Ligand code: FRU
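Have a look below at one chain only, the form predicted on its own, in structure tokens format.
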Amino acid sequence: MKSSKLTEARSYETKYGDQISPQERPLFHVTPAVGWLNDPNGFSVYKGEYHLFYQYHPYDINWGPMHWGHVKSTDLLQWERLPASLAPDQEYDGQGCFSGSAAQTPDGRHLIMYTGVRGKDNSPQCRQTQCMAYGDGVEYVKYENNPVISAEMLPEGCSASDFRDPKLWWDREEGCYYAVVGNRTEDGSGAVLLFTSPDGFQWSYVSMLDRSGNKHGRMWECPDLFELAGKGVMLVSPQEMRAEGLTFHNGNDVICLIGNYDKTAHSFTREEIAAVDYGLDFYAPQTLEAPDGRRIMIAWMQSWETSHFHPHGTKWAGMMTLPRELSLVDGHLIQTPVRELLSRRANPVVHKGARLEGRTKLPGVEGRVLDMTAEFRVPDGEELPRSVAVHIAENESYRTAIIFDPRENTVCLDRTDSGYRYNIVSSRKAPVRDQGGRLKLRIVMDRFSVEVFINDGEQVMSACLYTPQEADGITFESDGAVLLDVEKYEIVLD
């Protein structure tokens, strides 16, 4: 029997979500039915379809008591809205159903693991525990013996009030479940704990896989663990991160830990640490293994520092990134848009070898929903320019700039003139590989966002753009001689 809180949430999202026209939303990025969205949850494959849940407060465009919203898809681009799946309606989760994950069980059920919050956040009485629910892809029932992991099961020195965001998976080889969960340890910094279960309901502690030691942020939220190219890869979202050059930025960040995961000893040996996204809006990523073996990641395309800024007049707040395929090449994390996007490209505009010196607009290159590749190269014998730029979402009042400096080998994403009227961070730089003045950008735009994939995904920069939609111009600019190849496509869905 559905609780009154879940029934109320479903009624509200149906009534008010239907009042939001498709033109008020992105075309192919996930937004909430109505109200607030943050972290992706339960990103999983169930009965051959992709399911995505999300942190959800339907009643306001600001963060509030966390529910779980729900969508599904067959192609990761067109998403069908399903009724809200969880509401904070039990003693152990009355202050929120926080982030979690999902997996298909061997007997065909969809199993959800989430953090239940009891007591006011950041208070001594706050308790965060791990809870289970199960269902059929639409309706979910909370396990009658929740919570399944509580403070009594934590090793000494771990926190009962900062203990959240379980990432669950079924290990086919061992025939059991594992989950990694974020925690804050006695030194005040983040750690990732590993738990196991034979059936998804009876859990036991295994080991601490890694910890920050106050070197890479404090609380590590939203951990994920998987394998790429024979290496263990762990994603975490640290709070209170301190900037380190161009690699990491202050505040809430996302880092990738690459090393060796010993499945027998249940230990993780870190070898490398890297940034995941160098843009302005990216947090709390979660991955799944697709039926064809691809590792696919999606994230909240927002930052907490800017999360109270929304497109003017909208009844929704927050969206997800475009799902990305992950690979590991020479120890470096590579991200590319899911290949399904290629089949949605239409109406190509191609320019080859255009000479760029000063500011140029190319015929047919414009729009706010597009997939565009721009490749720059300096002609033989010419001096490297100091600045090569692509201006997007542009008119006489607005623009966002993607600026390449071939001398210092950086790319800067700058939305200073995009329309934000707040004192926030508006630009960030990413280091890029020195290729003698060459650079390849793949720019994906979807009304309210831009995602820039640099040099076939060696770096990525993501940002929300709440620029008026009529600003749809694109221009190119250089302070020296550059040759430019452009392929621009519109994105068209059924």
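For every residue, the number given is its place in the sequence shown, counted from 1. Only a predicted model underlies this, so the values are computations on that prediction, with no experimental measurement involved.
We do not show the form predicted together with beta-D-fructofuranose (FRU), though everything after this point is about it.
J.: Look at the candidate spot formed by Gln286, Ile298 and Thr321 and say whether beta-D-fructofuranose (FRU) comes within 4.5 Å of a heavy atom in all three of them in the predicted bound form.
T.: Per the other structure, none of Gln286, Ile298 and Thr321 touch beta-D-fructofuranose (FRU).
J.: Which single stretch, out of 465-473, 59-67, 450-458, 426-434, brings residue heavy atoms within 4.5 Å of beta-D-fructofuranose (FRU) in the predicted bound form?
T.: It is the stretch 59-67.
J.: If you check in the predicted bound form, is Ser99 within 4.5 Å of beta-D-fructofuranose (FRU), heavy atoms only?
T.: Taking the distances in the predicted bound form, the answer for Ser99 is yes, it comes within 4.5 Å of beta-D-fructofuranose (FRU).
J.: Indicate whether beta-D-fructofuranose (FRU) has at least one heavy atom within 4.5 Å of a heavy atom of Asn38 in the predicted bound form.
T.: Heavy-atom contact with beta-D-fructofuranose (FRU) at 4.5 Å: present for Asn38.
J.: Heavy atoms within 4.5 Å of beta-D-fructofuranose (FRU) in the predicted bound form: does Phe201 have any?
T.: Because no heavy atom of Phe201 falls inside 4.5 Å of beta-D-fructofuranose (FRU) in the predicted bound form, the answer is no.
J.: May I ask you to check whether Glu221 falls inside a 4.5 Å heavy atom distance of beta-D-fructofuranose (FRU) in the predicted bound form?
T.: It does: once beta-D-fructofuranose (FRU) is placed as it appears in the predicted bound form, Glu221 has a heavy atom within 4.5 Å of it.
J.: Pick from Arg184, Arg164, Lys167, Arg399: which has a non-hydrogen atom within 4.5 Å of beta-D-fructofuranose (FRU) in the predicted bound form?
T.: The residue in contact is Arg164.
J.: Ok, Tyr420, Tyr205, Tyr143, Trp304: which has a heavy atom sitting within 4.5 Å of beta-D-fructofuranose (FRU) in the predicted bound form?
T.: Selected residue: Trp304.
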